[in-house]
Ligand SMILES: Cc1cc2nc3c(=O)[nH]c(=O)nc-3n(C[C@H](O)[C@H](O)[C@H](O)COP(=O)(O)OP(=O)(O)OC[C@H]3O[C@@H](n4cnc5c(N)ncnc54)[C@H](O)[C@@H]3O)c2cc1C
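Just one chain is shown here, as structure tokens, and it is the form predicted alone.
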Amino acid sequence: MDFNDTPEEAAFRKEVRAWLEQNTEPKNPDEATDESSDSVTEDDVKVAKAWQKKKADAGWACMRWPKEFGGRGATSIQQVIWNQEEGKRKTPSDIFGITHGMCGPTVMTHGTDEQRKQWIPGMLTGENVWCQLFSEPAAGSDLAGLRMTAVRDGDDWVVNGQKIWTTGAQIADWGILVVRSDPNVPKHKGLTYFVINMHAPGVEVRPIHQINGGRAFNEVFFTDVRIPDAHRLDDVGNGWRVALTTLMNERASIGGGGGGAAMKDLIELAKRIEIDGRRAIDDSAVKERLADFMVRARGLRYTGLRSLTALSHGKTPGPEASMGKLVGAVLGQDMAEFGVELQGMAGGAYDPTSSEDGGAWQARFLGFPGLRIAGGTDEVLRNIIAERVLGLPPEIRVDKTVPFKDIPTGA
């Protein structure tokens, strides 16, 4: 592995750093990471949209997008460098992760020229926020088992049903939506993909109040919502193919963080907390746990660096990116649990005004189970790694050739 910038990368990093220094303030490196809530206010949205517009005007928005869509046609490693440098600065909440990481690439790949002209510019400049409407209450991790319906009515489609765990639906202007348009064919073949106006009549968004206080996830209900056929992406019945494009971009955008910032915070917490009259970090059992976390975090970090090295050399990363989320989410949950455990009886209280680090450990502890579901559950990711990386036989699926209407529901 080569952790050093090439001369070209170093020059690019210098350019990025200079612009950010002129337009932002540095973060305090000693400040604990705040994960007490992932809720977003109206003011947060306004500030984030203004920051996105500023980046777009300066040519720093959606850098990996092709130049024809307003990007820079940048390399993957240039995007990584930007992310690294922007992460060191005080910037608004990122409300465009789904917009730019999933919706934009999907519209570029499967949309018509007219559709791209209609929606891509507003994504780039931050005018519009998008959400991804995939999961349903009865489908679980089997996206192809969704039951939300779309029925053709002239130049429109009438959709009815429910989606759940939709991140950012409460602030979204547009959404990407996959629904069942034909129940008489096998489940993967009866899906169609649309772009939907989230302010259309019949769309109802209900925030899900999470146990950690956040309200980023939502239920979305659709009652006789009309979608113009002009808002359909790709052909009727090709929804599964379009959805795979979205999912591949989703996995790539989530990845694994490596636990670096949380590791630093956990060590600082162990220095402050006392066990039997002495610092927790001086206890041998605590040291052993911290060492285990450090090894796992470093392993995840260096595995990620292998991907960066491949990107820097113009190569395609291996299975490291697929494993990042699976390993990182489990590590993050284990570290959060230990952070609460270190606080003893006080760890049972979640109070941002009196808890250690503003209640960040309690928030992490309560929030990480959701992260182990978002973007693919642990079980789904293990299946993907087993089948596509290790080459193991796939699970037996008896429903892939059966018309969807004939699949038993257990009702």
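Quick note: we count residues from 1 along the sequence shown, nothing fancier. These figures come from a predicted structure and were not determined experimentally.
This protein has a second form, the form predicted in complex with this ligand, left out of what is shown; the following refers to that one.
Within this chain, I164 lines the site of this ligand in the predicted complex, having a heavy atom no more than 4.5 Å away. Contact check for F134: a heavy atom falls within 4.5 Å of this ligand in the predicted complex. A349 falls outside the set of residues with a heavy atom inside 4.5 Å of this ligand in the predicted complex. Taking the partner from the other structure, this ligand in the predicted complex has no heavy atom within 4.5 Å of any heavy atom of T149. The listed set F217, W119, W240, F338 contains one residue whose heavy atoms approach this ligand in the predicted complex to within 4.5 Å, identified as F217. Scanning I196, I98, L233, L124 against this ligand in the predicted complex with a 4.5 Å heavy atom cut-off leaves one residue, I98.
Looking at 44 to 52, 356 to 364, 340 to 348, 369 to 377, the stretch with residues near this ligand in the predicted complex, meaning non-hydrogen atoms within 4.5 angstroms, turns out to be 369 to 377.
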